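One chain comes next, on its own, written as structure tokens: the form predicted on its own.
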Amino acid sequence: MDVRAAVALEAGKPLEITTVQLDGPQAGELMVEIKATGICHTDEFTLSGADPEGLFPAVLGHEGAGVVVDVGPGVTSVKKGDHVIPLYTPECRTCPSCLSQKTNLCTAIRATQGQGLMPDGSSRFSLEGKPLFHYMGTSTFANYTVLPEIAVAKIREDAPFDKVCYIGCGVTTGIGAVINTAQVEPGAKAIVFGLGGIGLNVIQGLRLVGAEMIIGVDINPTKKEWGERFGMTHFVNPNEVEGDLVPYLVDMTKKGADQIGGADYTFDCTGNVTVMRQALEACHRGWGQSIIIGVAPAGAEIATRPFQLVTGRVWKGTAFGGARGRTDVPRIVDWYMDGRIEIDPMITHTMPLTEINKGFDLMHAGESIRSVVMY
């Protein structure tokens, strides 16, 4: 069938809005009519050419929400008419990783997903008879897409697509990093580096669990108001700090008898390896944890003095906030619908598919938290 899509023909070029062909779902697959999709920095990372696993030509997009319109043989967990969020991190519930309950990194379809293909090794998308690669197993920059059954989360039908699509990546990644990866406890002191869409969701995750001190760090002074809106208690602009940032932050966290200082938890949402080091070294001696969320450019490496780790600090990474998609995403949708978390203020711009490149321009200019394409 013919569908409308924003196609990444090559790295570094704007997306081309065109009609592509989409084959129907095969065994274990389903077709979803995408109603809304967010424009995420990860899409930009791949489109820029900095992603070492980036494949072209491809239909990008991984942060969507829509309705199941067709199912292939063997699909039992969802049916036509169900509302779903595509999952770039699937949950098969049977692979060793899923069964371990120690990670959300399901391996059931990892090999083919990384090759831009469906589990049977082929693509459902084509343009003028030539295959297009799928992206992150989701390809939500098309008004219809085909996904494996294990890569969709069924959600309640009263949730607005233009808001809950953001749960497909940004919201879950930020809040999940707090709840699942760091397991932050009430009363904790935390520092969040980078107050974009992910960082703001880390902040509201910290507020949700009852963190006492939430320091936001960003070189953009306009982010102070955004951070405070979601629960930040202190704001630091590194450009306004005299001397080294790390001792400045550590000094802020000193309280009462604790004159060592340092945050119980820090979160890097920048993808900058220098900031990652600062985040680790701003942790508390003996127990501080630093969570890496931001994706660094290809070939980048992190470094610190071994002393920082020997004295008890911990470096952790997280993907999709440690969330198990089919299990956790519906719960996060409920949190939004029940008013426990906010999404609406973060959707700063909406646009039709024909203006999707404008959404990337807004991102580059730092004028948007999240732009959403409405189909």
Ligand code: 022
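Here the structure is a predicted model, which means the values were calculated and not measured. All residue numbers refer to positions in the sequence shown, first residue = 1.
The following text describes the form predicted together with the named molecule, which does not appear among the structures shown.
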| property | result |
| --- | --- |
| Among 259 to 267, 149 to 157, 182 to 190, 88 to 96, the region lying within 4.5 Å of the named molecule in the predicted bound form by heavy atom distance | 88 to 96 |
| Contact label in the predicted bound form: N143 to the named molecule, heavy atom within 4.5 Å | no |
| 4.5 Å heavy atom contact, R313 to the named molecule in the predicted bound form | no |
| The named molecule contact in the predicted bound form: A319, any heavy atom under 4.5 Å | yes |
| is_contact(C169, the named molecule) in the predicted bound form, heavy atom dist at most 4.5 Å | yes |
| Candidate from R110, K224, K254, K80 lying within 4.5 Å of the named molecule in the predicted bound form - any heavy atom | R110 |
| Contact assignment for the named molecule in the predicted bound form, among I302, A298, V295, V246, heavy atom within 4.5 Å | V295 |
| The named molecule in the predicted bound form - contacting residues of 3 to 42, heavy atom within 4.5 Å | C40, T42 |
